[in-house]
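Next comes just one chain, in structure tokens: the form predicted alone.
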């Protein structure tokens, strides 16, 4: 493929990236201000390990990924607030932040749950002041603190954002790359693993080419690096030189697959327990399909025991079913998951995890129907639309399939979970005067 296709654009673009500071912890603090200035950690599913930390928790030495049972005593000694993950809250707070950011720029790219790129090209104002206003509005309207990096490329904007959060140059939540006195000196002090897009496996290979920091990478021959790595590395070199090669992705790429899986709060042995779990997973997968206007051509259900349980042999298995016609009907996906579970379930084993994978997705409007399937398909679509409307209006799982409630033993252990303040009317914040 010709390199001309990847020729950098003109260097007059201006990108910014907003990053929510300590996002999960910040979401919790919005509704519990007594946690401000105190160490906070958020745990993974089933309260397994640390997946988010406030700055105060980092300062006292709590590591990312630390198993909770190892730090439990330490956390109590240091007054650490320990919270179970509350993804409904985090997702809703993210949506609110992104809606605000969309009002400040003509083009945005929601990059992750707590990061958003936006285009400031052509804006005739002081960019630092403008972004400080954005930070202030987001904080006032949502309670979430953000930092913003500004630069001529997305790669440098990510680096500027990292520097803004570190407070290395000034105590300000906004850093404009253009305002730095010596950008090469900054790059010389920037490790390769601090650059956006540099895979961990590439660092040792770059070291063999005498490239040990971001400045050395900027000064390297991009065509030579493309031969050693890929066009991705060539683009990063150009981006470090201030030439934009990576534009905003305003329209997300269509999803290729959907995975709904969970480790259980306790090990399960009974078929009904597992059946309730995979039925729920199939239902959630179907809802995600309809949300993204996709249809599944196949479904894979899988189970596994714990590889660390020495009292029984390790067992993992899966079963896949192909549909005659692509579907996002919850009942059809459930039946496939249940048939698959019946095929791979072995009595007497203690299962640690199960899941449902939809590996081959198509846009729902391109699914080819048979001459006799039209009426049945219309009834299915009407039923799913009605179910989704009821659950959206009255709350998630207001209407459920019977097999989902055969058992509750498979559900996650979340002994420290905060209320879903913004998504469940029964858990709204109560203020007493």
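Residue numbers count along the first chain shown, from 1. Just so you know, these numbers come straight off a predicted model, no measurement behind them. Under this definition, the rigid core comprises the largest set of C-alpha atoms superposing within 1.5 Å between the forms.
Below, we turn to the form predicted in complex with the DNA, even though it does not appear here.
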Just to confirm the contact call: exactly one of 211-219, 94-102, 108-116, 268-276 touches the DNA in the predicted bound form at a 4.5 Å heavy atom cutoff, so which is it?
108-116
Could you check which residue among 263, 318, 179, 305 gets a heavy atom within 4.5 Å of the DNA in the predicted bound form?
263
Select from the listed residues 237, 195, 134, 80 the one whose heavy atoms reach within 4.5 Å of the DNA in the predicted bound form.
195
Does any heavy atom of residue 381 come within 4.5 Å of a heavy atom of the DNA in the predicted bound form?
no
Quick one: does residue 190 come within 4.5 Å of the DNA in the predicted bound form, counting heavy atoms only?
no
Does the 4.5 Å heavy atom contact test between residue 342 and the DNA in the predicted bound form come out positive?
no
So in the predicted bound form, is the DNA close enough to residue 185 to count as touching (4.5 Å, heavy atoms)?
no
Heavy atom distance at most 4.5 Å to the DNA in the predicted bound form, all of 230, 256 and 259
yes
Which residues, if any, of 33-61 lie within 4.5 Å of the DNA in the predicted bound form when only heavy atoms count?
44, 45, 48, 49, 51
Once both forms sit on the same rigid core, is the C-alpha displacement of residue 351 at or above 2 Å between this form and the one not shown?
yes
Can we say the CA of residue 307 moves by at least 2 Å between this form and the one not shown when the core is superposed?
yes
Residue 267: Cα shift of 2 Å or greater between this form and the one not shown (core-aligned):
yes
